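Shown below, as C-alpha cells, is a lone chain in the form predicted on its own; questions about how it binds or moves come after it.
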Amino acid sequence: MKPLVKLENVTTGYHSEPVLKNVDLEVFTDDFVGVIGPNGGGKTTLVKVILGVLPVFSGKVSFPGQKPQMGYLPQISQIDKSFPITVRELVASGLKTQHPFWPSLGKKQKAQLSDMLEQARLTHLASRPIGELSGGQVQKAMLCRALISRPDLLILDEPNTFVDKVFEQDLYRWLQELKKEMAILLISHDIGTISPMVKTIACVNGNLHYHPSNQLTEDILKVYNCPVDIIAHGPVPHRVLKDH
C-alpha cells in the first residue's frame, strides 16, 4: 500500500532557523495518527510542511500516489472572528478549494452544503456572522469547511483548545465515524482522551519519534523526550506527577 503522504529526512523551520530536523513519517489511507509534544516542539510546523505552505530546508515531502485532497482545521486562535462571513459562506468556501473559480455553487454543491450544516446541527446558525458565535460553534463550522469536500486526509491542529465541552464531545463522536472514511492526523495535548481513538502516536519535539501503537508508557515518553500531563496505556488515563 502506498502512503498518502511521505516525509523523508525533512528539516524545516522559519527564517533559516530549523524547528524540525530529520523527520520521517508516512501517513496511509487508514491511519489515525495522534501527534503530541510540548509547545514550540514543532507540531504545527509539521502540519504546515504536509499542507505545502512551508518549504523544507532539506529532505523530501512526496505523495506517492495521486496527491490527496486534504482538509484542515487550524487552531481557533488563528481564526479571525471579525471577518465578515456567515456560517453558510464559511462552510461553502471548503467546496471552492477544488474549484476556486466557480462564480457560485451548483445544485449538487448546495445539497452538499445543506447536508453538512444539518449533520453538524448548524442549520439554525447558517445566516449568522461567525463573530456572533461561541468558540465551539466557530470550530464546528470550520470543521464542516474542512470536511465538505470529503478529503482523503483530515488534519486537526489542537481542535479542542479554548472551546466548550459540548463541541469537544461532538468532535470526538464525529471522529469515531470519520476514521472509517479517511486518514486523520490529530494534534492534541489531551493524550488521555485521544489514546483510545488513535491508531498510532507521533511525538514531536524538534524531531519526530513514531510509536506504532496508541498505548504509551511513561518509559516510552521518557525515551522520546516527550513531556505530557496525561497518558493512557490501559482503560484508565492517569496523570504523570514527575518530570519525564
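Note that this is a predicted model, so its numbers are computed, not measured. So that there is no doubt, residue numbering starts at 1 and follows the sequence shown.
Although not depicted, the form predicted together with a small molecule is the subject of the following passage.
- Taking the partner from the other structure, the small molecule in the predicted bound form has no heavy atom within 4.5 Å of any heavy atom of Gly59.
- When the small molecule is considered in the predicted bound form, Val10 lies well away from it, no heavy atom lying within 4.5 Å.
- Contact annotation for Gln66: none of its heavy atoms lies within 4.5 Å of the small molecule in the predicted bound form.
- Proximity of Gly40 to the small molecule in the predicted bound form: non-hydrogen atoms within 4.5 Å are present.
- Exactly one of the stretches 24 to 32, 41 to 49, 195 to 203, 174 to 182 approaches the small molecule in the predicted bound form with heavy atoms within 4.5 Å, and it is 41 to 49.
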